[in-house]
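Just the one chain here, laid out as structure tokens, in the form predicted on its own.
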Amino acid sequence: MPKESDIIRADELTFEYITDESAAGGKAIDSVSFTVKRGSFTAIIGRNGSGKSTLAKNMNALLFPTGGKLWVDGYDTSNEEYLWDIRRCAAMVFQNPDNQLVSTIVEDDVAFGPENLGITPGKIRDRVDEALKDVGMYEFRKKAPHLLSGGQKQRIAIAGAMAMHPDCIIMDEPTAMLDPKGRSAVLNIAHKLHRRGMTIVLITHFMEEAATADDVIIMDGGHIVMKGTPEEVFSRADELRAINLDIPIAVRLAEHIRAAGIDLPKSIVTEDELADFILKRTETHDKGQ
């Protein structure tokens, strides 16, 4: 059973797709165990087909375990009696926002989730306005979603999740279809929500995004092959390359700097951390002259 500090806990979780009545489609998730702490920011990385999106759908009870157990906020996801409790706790944002935008007006779309939760109209109005302001889309509240850019649509999808006031938001590759500006906007929103105390689970294949998380889980072939802090995971660069995963640009640059004979802390995994180190080193050098 999960601890109170665990908002999500998996114990030997398995999910197997069935392609027809008699044939198994293979285990997309194969006996994985992990925890997501309340208020944490967890990134899940893996190649296409590694099982990370299937894992995300299990965390939102869109799919049910075919083996093992998964709890969300203490609720067993294999028990359909708890379906709406689970989804009230853990909201989902998909890779393609068009797959979850349901209305012809932005504010109506954001209101859809709270309406289904039975929230009173007055409170829904407050939640919709608050969520749209938080994602910088309030001025577009009367627009039609299909007229917006991909990044704007994704922010609307996030606002719809936020309006349900979940404890956790699971983002399944929300930046995969966006340009760099759109990716940055979505990641900034995720971190803003995290700073407020919300649990964020980010499924991504962008290593720079994962480097900003509290915890990182690496999946390959339906298994968890690595987990820990960004510093712990990305310090194992050779192991990541062995399963055809890249490493953050800052980690790659740090490798070259160390190879040149400059002592550099292993804890550096983001570009900001690397820039800060170089700046401080330069300042120290200048003062010594």
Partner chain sequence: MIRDITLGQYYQGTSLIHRLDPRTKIIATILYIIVLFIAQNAFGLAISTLALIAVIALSKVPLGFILRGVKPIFIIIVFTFVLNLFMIPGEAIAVLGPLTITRESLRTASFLAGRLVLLIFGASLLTLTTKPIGLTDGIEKLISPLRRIGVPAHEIAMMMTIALRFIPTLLEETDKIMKAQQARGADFETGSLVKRAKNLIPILVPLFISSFRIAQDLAMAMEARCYRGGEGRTRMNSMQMTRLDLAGFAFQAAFAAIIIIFGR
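Being a predicted model, the structure only gives us computed values, none of them experimental. Residue numbers count along the first chain shown, from 1.
Although it is not shown, the form predicted in complex with its partner chain is what the next lines describe.
K.L.:
Would Asn188 show up as a contact with its partner chain in the predicted complex if we use heavy atoms at 4.5 Å?
P.N.:
So Asn188 does not count as contacting its partner chain.
K.L.:
Does Thr42 make contact with its partner chain in the predicted complex, using a 4.5 Å heavy atom cut-off?
P.N.:
No, Thr42 sits far enough from its partner chain in the predicted complex that none of its heavy atoms falls within 4.5 Å.
K.L.:
Whether Phe140 contacts its partner chain in the predicted complex should be assessed with a 4.5 Å heavy atom distance threshold; does it?
P.N.:
Contact check for Phe140: no, nothing within 4.5 Å of its partner chain in the predicted complex.
K.L.:
Looking in the predicted complex, any heavy atom of Pro174 within 4.5 Å of its partner chain?
P.N.:
Residue-level check for Pro174: no, no contact with its partner chain.
K.L.:
Hey, of 207-215, 191-199, 67-75, 80-88, which bit sits against its partner chain in the predicted complex at 4.5 Å between non-hydrogen atoms?
P.N.:
That would be stretch 80-88.
K.L.:
So its partner chain isn't shown here. In the predicted complex, which residue out of Val225, Leu264, Ala237, Leu62 has a non-hydrogen atom within 4.5 Å of it?
P.N.:
Flagged contact: Leu62.
K.L.:
Does anything in 98-132 come within 4.5 Å of its partner chain in the predicted complex by heavy atoms, and if so which residues, in order?
P.N.:
Stretch hits, in order: Asp98, Asn99, Gln100, Leu101, Val102, Ser103, Thr104, Ile105, Glu107, Asp108, Asp109, Val110, Ala111, Phe112, Gly113, Pro114, Glu115, Asn116, Leu117, Gly118, Ile119, Pro121, Ile124, Arg125, Val128.
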